[in-house]
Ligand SMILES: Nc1ncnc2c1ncn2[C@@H]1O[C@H](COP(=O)(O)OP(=O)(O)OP(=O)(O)O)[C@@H](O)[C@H]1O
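Single chain ahead, written as structure tokens, the form predicted alone.
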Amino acid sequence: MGPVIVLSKVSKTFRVGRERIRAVADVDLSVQKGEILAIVGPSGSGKTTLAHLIGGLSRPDEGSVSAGGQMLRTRDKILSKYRNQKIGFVFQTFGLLPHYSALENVSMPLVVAGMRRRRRRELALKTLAAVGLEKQAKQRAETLSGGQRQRVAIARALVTSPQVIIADEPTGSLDSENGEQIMQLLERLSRIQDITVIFVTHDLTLAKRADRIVHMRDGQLTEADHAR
């Protein structure tokens, strides 16, 4: 089976005032189905920009990104469909609507997909149960603990049955115990559901939980190694 995502000579440049900053420079990367990949690097190295390019949140200035053997084009509808159906995002700051319940937050991608209300509810409840939060389904996000909110964020990423989960510093806002629980959950999802997990981190200890580590510095991949 071929790779689930392939980046070929991908570059991305941003303008800050009069200065042009090349955040990602000529990156080649293949990610396999079911793989856990850690993108590691210091602040400003380009690792989050690379994750956004993989997930279709940003478009490359040069090079190409393909998913499942198909080239991602730049039209908004195609990228939107890719993000909604193929990719699940998990952010350090959770990205939940605080006054909405856990169930409502998890249902959001299904609303965007146009799914009927009853089916949305069924899938959202099933996914919350998969992350151990079925009893918190009706609680507002703002009343949940940090670890619970991150699990809601993971459930929201999972509810569309994506091929890939992209997590940007998924344990960065959590204490060590909750961070460990989140990493165990991501590992379990990868192994049981064969989901590809790509996570961004500056923590080398955390990165060693991955199958493979790629290191970014000044927008380039400087090395790749197998963590396990």
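Residue positions are given as counts along the sequence shown, with the first one as 1. Small disclaimer: the values here were computed from a predicted structure and weren't measured.
Just so it is clear, the following notes concern the form predicted in complex with the named molecule, a form of the same protein that is not shown.
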In the predicted complex, does residue 171 have a heavy atom within 4.5 Å of the named molecule?
no
Taking the shortest heavy atom distance, is residue 59 within 4.5 Å of the named molecule in the predicted complex?
no
In the predicted complex, does residue 21 have a heavy atom within 4.5 Å of the named molecule?
yes
Give a yes or no for residue 184: in the predicted complex, does one of its heavy atoms lie within 4.5 Å of a heavy atom belonging to the named molecule?
no
Sort through 38 to 46, 191 to 199, 175 to 183, 64 to 72 and report the only stretch with a non-hydrogen atom within 4.5 Å of the named molecule in the predicted complex.
38 to 46
